[in-house]
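Presented below, as structure tokens, is a lone chain in the form predicted alone.
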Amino acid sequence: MGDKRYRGKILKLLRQDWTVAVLFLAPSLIGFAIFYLIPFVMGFFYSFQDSTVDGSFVGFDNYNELYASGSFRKAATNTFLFTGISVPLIVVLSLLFAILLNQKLFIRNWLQTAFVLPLVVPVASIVMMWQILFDWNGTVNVWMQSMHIERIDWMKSDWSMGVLVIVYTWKNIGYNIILFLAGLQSIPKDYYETADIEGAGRFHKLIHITLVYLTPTMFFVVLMSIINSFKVFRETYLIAGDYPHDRIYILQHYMNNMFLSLDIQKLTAAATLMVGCILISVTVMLSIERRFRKFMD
């Protein structure tokens, strides 16, 4: 009798929705904890120690060394500069292209495929293509030479930041366009019909209807763009190597070099600061979104 009651309780528990949800999420949660959460927590504690093995607590000494490091300041400045340029650019371009693709165009399907294609192309292939374009003997320099313009060593000059912004925008713009298209298609057509009856122009409908109802989508796109801007290391590393030009030496380069030199304390301190900046950005954006929703309500 006891076994039957025990089995009945188990079956009843398994039939509950939250139990089923936990069982489905458990593999992902376990993997996230093992490969992301636990290593980050360990790294956070290492950033306050002088050694990873039998280390002693040194407070903020590792962070003070970071602030005193010229290479770290340069990497942080370049990272925030890249984010400040690329995120507004990709948000504006993806919104404009989404509005364009939301219209009835005869090349609409072709354009959608062209924008989404970079999402499925491997990073190595993307880098090879951009190397062909911006190499010293690449396509762009050949065109410039044919127009009697002096060649530019794109990845070893101040132009390298511009190249990196172009690569990032081209790689990620398709994802943002999909999100904006989903937001545009969820706006009721009645609002536009009512505005047409009242004689509203295109600019008025864009400002007072489209952008207002796209605000939640826009906040999400901005957040994803900021997060993706901190993940551009693969492209930069494959294009320019361990020590690229000073203009595109970013935080991930600094952390990678600290890992190669086994300076785990500076590595973990830099990683903690970067994650902290991302969390602050996300928190501020979510706070602004909540206030905007209350204002709209």
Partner chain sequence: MALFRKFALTLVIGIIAAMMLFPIVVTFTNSLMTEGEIDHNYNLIGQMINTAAGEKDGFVNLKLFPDWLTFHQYAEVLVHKPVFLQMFWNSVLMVTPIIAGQVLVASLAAYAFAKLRFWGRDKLFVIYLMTMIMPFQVTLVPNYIIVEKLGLMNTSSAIILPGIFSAFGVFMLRQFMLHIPNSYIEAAKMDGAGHLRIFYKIIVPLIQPGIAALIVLLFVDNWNMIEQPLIFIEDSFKQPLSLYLSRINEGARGVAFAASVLYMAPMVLLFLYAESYFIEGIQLSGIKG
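All values reported here derive from a predicted model rather than from experimental measurement. Numbering follows the first chain given and starts at 1. Under this definition, the rigid core comprises the largest set of C-alpha atoms superposing within 1.5 Å between the forms.
We do not show the form predicted together with the partner chain, though everything after this point is about it.
Colleague: With heavy atoms only and a cut-off of 4.5 Å, decide whether residue 25 touches the partner chain in the predicted complex.
Modeller: Flag for residue 25 set to yes.
Colleague: Would residue 213 count as a contact of the partner chain in the predicted complex, using a 4.5 angstroms cut-off between non-hydrogen atoms?
Modeller: No.
Colleague: Using the partner position in the predicted complex, report whether residue 151 sits within 4.5 Å of the partner chain, counting heavy atoms only.
Modeller: Answer yes; at least one heavy atom of residue 151 falls within 4.5 Å of the partner chain in the predicted complex.
Colleague: Please run the contact check for residue 72 against the partner chain in the predicted complex: heavy atoms, 4.5 angstroms, yes or no?
Modeller: Result no; residue 72 lies far from the partner chain in the predicted complex.
Colleague: What I'd like checked is whether 77, 164 and 187 together line the partner chain in the predicted complex, meaning each has a non-hydrogen atom within 4.5 Å of it.
Modeller: The answer is no; none of 77, 164 and 187 reaches the partner chain.
Colleague: Thinking of the partner chain in the predicted complex, which stretch from 125-133, 204-212, 81-89, 188-196 has heavy atoms inside 4.5 Å of it?
Modeller: In the other structure, the partner sits against 125-133.
Colleague: Please identify the residue among 67, 243, 60, 35 with any heavy atom within 4.5 Å of the partner chain in the predicted complex.
Modeller: Exactly one listed residue reaches within 4.5 Å, namely 35.
Colleague: Could you list which residues of 112-148 come within 4.5 Å of the partner chain in the predicted complex, counting heavy atoms only?
Modeller: If the 4.5 Å heavy-atom criterion is applied to the partner chain in the predicted complex, 112-148 yields 112, 113, 114, 115, 116, 117, 118, 119, 120, 121, 122, 123, 124, 125, 126, 127, 128, 129, 130, 131, 132, 133, 135, 136, 137, 138, 139, 141, 142, 143, 145.
Colleague: Is residue 44 one of the residues whose C-alpha moves 2 Å or more between the shown form and the other one after the core fit?
Modeller: After core superposition, the C-alpha of residue 44 moves less than 2 Å between the shown form and the other one.
Colleague: On a rigid core superposition, would residue 32 pass a 2 Å threshold for CA movement between the shown form and the other one?
Modeller: Shift at residue 32: 2 Å or more after core fit.
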